[in-house]
Ligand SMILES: Cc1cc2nc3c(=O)[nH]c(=O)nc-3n(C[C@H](O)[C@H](O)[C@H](O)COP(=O)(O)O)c2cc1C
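One chain comes next, on its own, written out as structure tokens in the form predicted alone.
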Amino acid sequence: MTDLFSPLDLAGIALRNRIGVAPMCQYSAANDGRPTQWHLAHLMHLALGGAALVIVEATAVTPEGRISPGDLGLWDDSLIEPHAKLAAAISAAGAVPGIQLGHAGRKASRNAPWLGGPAEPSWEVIGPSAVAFGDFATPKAMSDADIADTLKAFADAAIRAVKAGYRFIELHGAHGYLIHQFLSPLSNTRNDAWGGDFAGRSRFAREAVAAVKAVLPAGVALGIRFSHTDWVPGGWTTEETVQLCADLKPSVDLFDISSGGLHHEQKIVLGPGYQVPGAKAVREGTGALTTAVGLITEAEQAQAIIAEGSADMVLMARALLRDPFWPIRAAQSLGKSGAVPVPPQYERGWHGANKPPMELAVGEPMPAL
């Protein structure tokens, strides 16, 4: 039986267990997209908790593709060095560093959620069609040149991510952002080669995957996150997600399955593990590696998802914000103490051992600041 704490081979990358940190926007970058001390502390703390994979939050491939002025970016070579510090810190704490590359499309140019409203100053937003998200600004419908430039921006950002030391690159094709906007007939009303039927609406996602895959060296895995359903009649469906994942399987190493975020009238049926059926459908329909995410909070719940074959990994978000050391606690509650190493500097807090601090043993030596 596959276990939550069994290792996973991800395109030749050894993951120490089946627990990952989902990308979580912090809206705390500098205005030029540079990471701050907040990101360094936030991500390293999550890595120290024992997760195998830590995915840095949605990082914009163009300045106009930011959700907010506080979004991370990788649209310029000057941003490689600060990202390299994040990747090095995650790796030093024993986890594999990953990053999610995205473009917000029509959901760009907003303030941080705790402020609300449009960004000040705002900027022009783009999308597959001139169809607004609720009361957000109406986007400019992208021209063929806009599409070509954006696809190149994804590839260029992936090159920078590799140079920074990230070993897993995930494209954000979910939650109503640009790739998802092309997929759904609710946001893509084009009648050209980039819209219309399934083949046209999925073309941007396919070409984004192809553009990024072409620039990735061996030893760097590629993933993509999809919303498997819009939760709105007439929107993107689970069946279409399975079909697209099957088509992309030769190029994609891991499918990250979420849901929703595309339409303001969505009716999401919430409950523990409510998105697991989507991950299971993709796994069973394609034979590909998948992750499950969404209201996964208990160790027994996560173990069952893996043991029953619903997904190959669980990605966790809010539960890890509440308790970054959830993986260690989960191992203990499942009778597998020691399956997730406690940093030796913290052992006295977990085991009461009166040991002096030591150099961190779970990864590379910590770089000096």
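Note that residue numbering follows the sequence shown and begins at 1. Since this is a predicted model, take the numbers as computed values, not measurements.
Just so it is clear, the following notes concern the form predicted together with the ligand, a form of the same protein that is not shown.
- Proximity of Ala317 to the ligand in the predicted bound form falls within the 4.5 Å heavy atom cutoff.
- The shortest heavy atom separation between Ala22 and the ligand in the predicted bound form is within 4.5 Å.
- Put simply, Gly294 is close to the ligand in the predicted bound form: some heavy atom of it is within 4.5 Å.
- Heavy atoms of Ser258 reach within 4.5 Å of the ligand in the predicted bound form, making it an interface residue.
- Residue His172 is the only one of His228, His83, His172, Arg106 with a heavy atom lying within 4.5 Å of the ligand in the predicted bound form.
- Contact with the ligand in the predicted bound form, defined as a heavy atom within 4.5 Å, holds for exactly one of Gln181, Gln100, Thr241, Thr290, namely Gln100.
- Only one of 172-180, 143-151, 118-126, 241-249 places residue heavy atoms within 4.5 angstroms of the ligand in the predicted bound form, namely 172-180.
- The partner is not shown here, but in the predicted bound form the stretch 43-75 reaches within 4.5 angstroms of the ligand through a heavy atom at Glu57, Ala58.
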